[in-house]
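As structure tokens, one chain now follows by itself in the form predicted on its own.
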Amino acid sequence: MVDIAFGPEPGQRPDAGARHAAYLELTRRKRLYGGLILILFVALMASGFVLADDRNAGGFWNGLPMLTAFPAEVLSEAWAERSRIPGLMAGHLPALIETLNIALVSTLLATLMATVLALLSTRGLARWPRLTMPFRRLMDAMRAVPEIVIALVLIFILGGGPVPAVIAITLHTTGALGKLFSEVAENADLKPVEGLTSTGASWGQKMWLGVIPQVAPNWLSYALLRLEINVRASAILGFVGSGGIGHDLKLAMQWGMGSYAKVVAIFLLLFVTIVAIDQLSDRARHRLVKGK
């Protein structure tokens, strides 16, 4: 007799109970491994916290009450002088404009540099295929070093001001955007490039006419996202002497009591600006990607 369920060959049917037992054993093993990994993670987090607390200058538990005491002191003084806050915000507009200029110039320069590096490091599109890996490692090095580290080195060499901030943010943003741009370019359709190649087009013409029209919406979306990030980065770099509204905030906080209204005014001005840029960039990205 032919076994229509398990083929024409005679033999013992698979044991359903054995399969169920094997499945339960595999499930228990996964849960055991997951529990061990969780225990290891918690142990590493606890040991890391204890080590950090021992090396901390003040001590986490002793300073924990200040998490509410200091903000309450700042807000109470700012509330008492709330009538001055609009005027203080207007007085710091020039510093805010300097911060925005740093972010805009850095993003523009980084976008241009990242475009070139991305096309030179994209597999199947690179002008010199043997140099694809060196260009990729160059972008890795650019984004591996934080902006604040680059800015501190440049301030030591060039002195304080917006120029070190522009260079630092440009270098880091070039590495980050170059990586994103390259990944988008790798998914581009190569048929237009092949058609341009058959007509004798140069590498630049193939990139400009065959690749960039496909990837431009996503590239612009990433560039606008980096603009938001760079506004915050340029404000942070002001704390290390790169100018802008971050520098004003640092000075106001150093004065302490009596200047807390100025601190709140700068925070509000920076918050409103970042929210406005975030909303405008989000709408622009939506129109670019969705087309409406």
Partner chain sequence: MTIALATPATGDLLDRFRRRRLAALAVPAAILAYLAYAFVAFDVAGLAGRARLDNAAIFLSDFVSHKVHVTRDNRTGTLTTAIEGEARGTYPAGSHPDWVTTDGTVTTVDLGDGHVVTYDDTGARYVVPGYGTIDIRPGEGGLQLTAPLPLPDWISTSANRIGVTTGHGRFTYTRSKVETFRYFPGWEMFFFTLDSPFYGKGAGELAALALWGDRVDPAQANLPHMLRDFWTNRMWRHGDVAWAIFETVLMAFLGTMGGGLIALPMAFLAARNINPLGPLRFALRRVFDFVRGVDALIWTIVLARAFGPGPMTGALAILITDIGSFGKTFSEAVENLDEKQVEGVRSTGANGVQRLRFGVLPQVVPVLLSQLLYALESNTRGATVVGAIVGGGIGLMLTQAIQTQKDWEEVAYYMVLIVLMVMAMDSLSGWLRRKLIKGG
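We call the rigid core whatever largest set of C-alpha positions still superposes within 1.5 Å between the two forms. Everything quoted here is computed from the prediction, not taken from an experiment. Residue numbers count along the first chain shown, from 1.
Missing here is the form predicted in complex with the partner chain; even so, the following discussion is about that form.
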The one residue among 93, 149, 209, 75 placing a heavy atom within 4.5 Å of the partner chain in the predicted complex is 149
Interface check vs the partner chain in the predicted complex: of 80, 133, 216, 158, the one with a heavy atom inside 4.5 Å is 158
Quiz prompt | Partner proximity in the predicted complex: residue 235 to the partner chain, non-hydrogen atom cutoff 4.5 Å | solution = yes
>> So, residue 105 and the partner chain: in the predicted complex, are they within 4.5 Å at any heavy atom pair?
In response: yes
Please check if residue 249 has a heavy atom lying within 4.5 Å of any heavy atom of the partner chain in the predicted complex. yes
* How about residue 275: is it within 4.5 Å of the partner chain in the predicted complex, going by heavy atoms? -> yes
Within 4.5 Å of the partner chain in the predicted complex, heavy atom basis, the matching stretch of 80-88, 114-122, 158-166, 191-199 is 158-166
Residues in 264-283 that come within 4.5 Å of the partner chain in the predicted complex by at least one heavy atom, in order, are 267, 270, 271, 274, 275, 278, 279, 282
Once the core is aligned, does residue 49 move its Cα by at least 2 Å between the shown form and the other one? yes
